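Single chain ahead, written as structure tokens, the form predicted on its own.
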């Protein structure tokens, strides 16, 4: 009987591993094709009816062509600047907001979180046009700060939700002891709770950064004269230069891969589900 149970568990494990491999292939394959098109001459990829799926004749021709035709450096630094600003602004608002929600009744706090997510249901285009008018009046149009403020509207709800879950996972006795020892609310929050919830804070920053990194709607409306990398990719696609668009898209993917690998130890389900527990 025990042998049969072990065999079933082993079979189930093999099925799960096979399913995981299939899912991984489905998600990785488009990225693989992207890099194949980026690093191969067009006669071996787009010009072929049935191109080879194996890497061959790799070169940097597409990257050189893209870099010489478009100003690549400025959009890249603009995207990096905006992404880091979005991460900082989001955390500056989400941390105290999550702390305040953690003090409320859980049902009331959960209801408020749901209403926060309603901001993400509104199409970005509807929000971007009136916001751009106000930024023009304030002299912030086409600036990194204006774009970061607009994008933060969509990153704050999720960041608040994640950090709230991290705060709820911290035993209340720790905070109570700190208050008994004479620590004020602000000091308790930023010197005790935030370090203890650093994994949730890191996840919130990462997701905010990634959201800004590939955001397009706000970027094309609020920063048309100094575009970000996603706008440059769009310009290449609309002009028919698919290989150059693939080259820029490959460049955009590199920081995402690096950040995900570096911070993957912080991406735990407990911080994504803890916000609505209890």
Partner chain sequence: MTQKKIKLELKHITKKFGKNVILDDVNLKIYEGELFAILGPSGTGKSTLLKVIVGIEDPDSGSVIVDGKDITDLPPNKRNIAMVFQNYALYPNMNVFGNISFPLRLEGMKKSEIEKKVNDAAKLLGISEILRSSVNSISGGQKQRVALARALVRDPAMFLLDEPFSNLDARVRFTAREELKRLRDSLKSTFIYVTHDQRETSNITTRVGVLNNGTFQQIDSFNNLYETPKTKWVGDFIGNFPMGFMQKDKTHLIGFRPEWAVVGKGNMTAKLVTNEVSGNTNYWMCETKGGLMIVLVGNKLLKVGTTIHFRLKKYNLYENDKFVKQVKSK
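Please read all numbers here as calculations on a predicted model, not as lab measurements. Positions refer to the first chain, counted from 1.
From this point on, the text means the form predicted together with the partner chain, which you will not see here.
Just one listed stretch, out of 139-147, 185-193, 90-98, 69-77, contacts the partner chain in the predicted complex at the 4.5 Å heavy atom level, and that stretch is 185-193.
Residue contact check for residue 174: one or more of its heavy atoms lie within 4.5 Å of the partner chain in the predicted complex. The closest non-hydrogen atom of residue 106 lies beyond 4.5 Å of the partner chain in the predicted complex.
In the predicted complex, residue 178 approaches the partner chain with a heavy atom inside 4.5 Å.
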